[in-house]
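Quick heads-up: it's one chain on its own, the form predicted alone, in structure tokens.
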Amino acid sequence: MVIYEDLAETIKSGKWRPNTKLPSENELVAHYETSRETIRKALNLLSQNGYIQKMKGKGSFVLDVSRFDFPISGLVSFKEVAEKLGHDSKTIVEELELIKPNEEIRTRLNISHKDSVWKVIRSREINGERIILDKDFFNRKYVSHLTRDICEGSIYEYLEKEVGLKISFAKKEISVDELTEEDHRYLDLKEYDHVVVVRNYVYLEDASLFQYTESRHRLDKFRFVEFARRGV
């Protein structure tokens, strides 16, 4: 614990910057004059508590401990989250088109092959790094019109204030997935080979499913937070 706390404080103080490689186990054994097993336990604690990422064959690397808190239970737009965080942010519209959806999207939106869907792919930049990739699919039955300007701002703001839709609730699924070709194309990935994916099925006030979203987040930049109260 003493070694863990000393290393954690070194990281928190900024002496070791994000993506810095830690000294090797042998170097830490010599520095702290202890056993390899003790060093490994300290490194495991650092990994479990989000200070480092252990990479097989490469060593341990410092994570950015100033991660952005992202709410799990809330139904909020990126614009609203970015404003709350207070960091420089930017939305880049990578793709916007009206499509005939494939079988996967038809199943997720519960629509037929005759229906049309807006496909919107946007990368989200915070402090100069593209760290979120949002893939949105809107049923055209409910969203008849979209432009790049609308997508660069807040689609929810447009839908609620101008179209008059009453967005009500969402079902969410969270997983850690391997990178795709789109992730490589649109995100600044560093050395990471997985992303955290939040899948949203978003419903209107009358329980109509109108949107399916995949929000893909770089591993080191987000902490997904929730407040839970035990029922009695």
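In this text, rigid core is short for the largest set of C-alphas that superpose within 1.5 Å between two forms. The numbering used is simple: start at 1 and walk along the sequence shown. What you are looking at is a predicted structure, and each value in this text was computed from that prediction instead of being measured.
Unshown form predicted in complex with the DNA; subsequent notes refer to it.
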| request: Indicate whether the DNA has at least one heavy atom within 4.5 Å of a heavy atom of R36 in the predicted bound form. | output: yes
| task | Check whether I167 has any heavy atom within 4.5 Å of a heavy atom of the DNA in the predicted bound form, and answer yes or no. | result | no
| is_contact(M55, the DNA) in the predicted bound form, heavy atom dist at most 4.5 Å | yes
| request: Give a yes/no on whether P23 approaches the DNA to within 4.5 Å in the predicted bound form, heavy atoms considered. | output: yes
| query | in the predicted bound form, which of 167 to 175, 180 to 188, 37 to 45, 196 to 204 comes within 4.5 Å of the DNA (heavy atoms)? | reply | 37 to 45
| request: Quick one: name the residues from 1 to 19 with any non-hydrogen atom within 4.5 angstroms of the DNA in the predicted bound form. | output: M1
| message | After core superposition, I'd like to know whether S24 moves between this form and the one not shown (criterion: C-alpha shift of 2 angstroms or more). | response | yes
| Does I39 show a Cα shift reaching 2 Å between this form and the one not shown after rigid-core superposition? | yes
| R124 to I52, Cα distance in the predicted bound form relative to here: closer or farther, by 3 Å or more? | farther
